[in-house]
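One chain comes next, on its own, written out as structure tokens in the form predicted on its own.
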Amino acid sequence: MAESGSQSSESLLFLTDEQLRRGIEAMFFAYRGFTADPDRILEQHAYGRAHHRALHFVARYPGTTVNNLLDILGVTKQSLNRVLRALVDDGLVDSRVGTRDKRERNLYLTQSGTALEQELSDAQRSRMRAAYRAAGPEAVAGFRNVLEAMMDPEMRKHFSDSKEPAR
């Protein structure tokens, strides 16, 4: 038996349905907390989580194409176009003609878009930082392993291929 109530790796292979349900429930409640602060900010601008995701990934990958954003977000073209149209019309995202292919659109945050994305990210980073500190480095590494294992293979590859941003 493992000491101090922690489970050995072997016992993790035989989780009960109830333990899995508790994990699923914890994910729901954690996601609710993770999105609560940004939701309040987005509401002030009449935006939703789709706008937040678009802002996040345009900030993370400046110059990304609409097609790449479609792949990352896994939404329909119609849905993404509605979100991008609002962000472009409101001056938060700049859509430029592609340099390699004139049919492509490269997306960049404007100064206003950068400010809003920063405000949203700051709220989430604050919550993540506090949770990471409370859980400790081993738990953080384990959490990231669990998240990556839950990703579909193509998203895991996309995630692992993405570069860590400069600090």
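The shown structure was predicted, so the numbers you read here are calculated from the model rather than taken from an experiment. We number the residues from 1 along the sequence you see.
As for the form predicted in complex with the DNA, it is not shown, yet the points below apply to it.
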- Task: Work out which of the listed stretches, 137-145, 110-118, 123-131, 62-70, brings a heavy atom within 4.5 angstroms of the DNA in the predicted bound form.
- Result: 62-70
- Message: Check for me whether the DNA, as it appears in the predicted bound form, comes within 4.5 angstroms of all of Gly48, Val75 and Arg85 - heavy atoms only.
- Response: yes
- Contact label in the predicted bound form: Lys102 to the DNA, heavy atom within 4.5 Å: yes
- Task: Could you confirm whether His56 comes within 4.5 Å of the DNA in the predicted bound form, counting heavy atoms only?
- Result: no
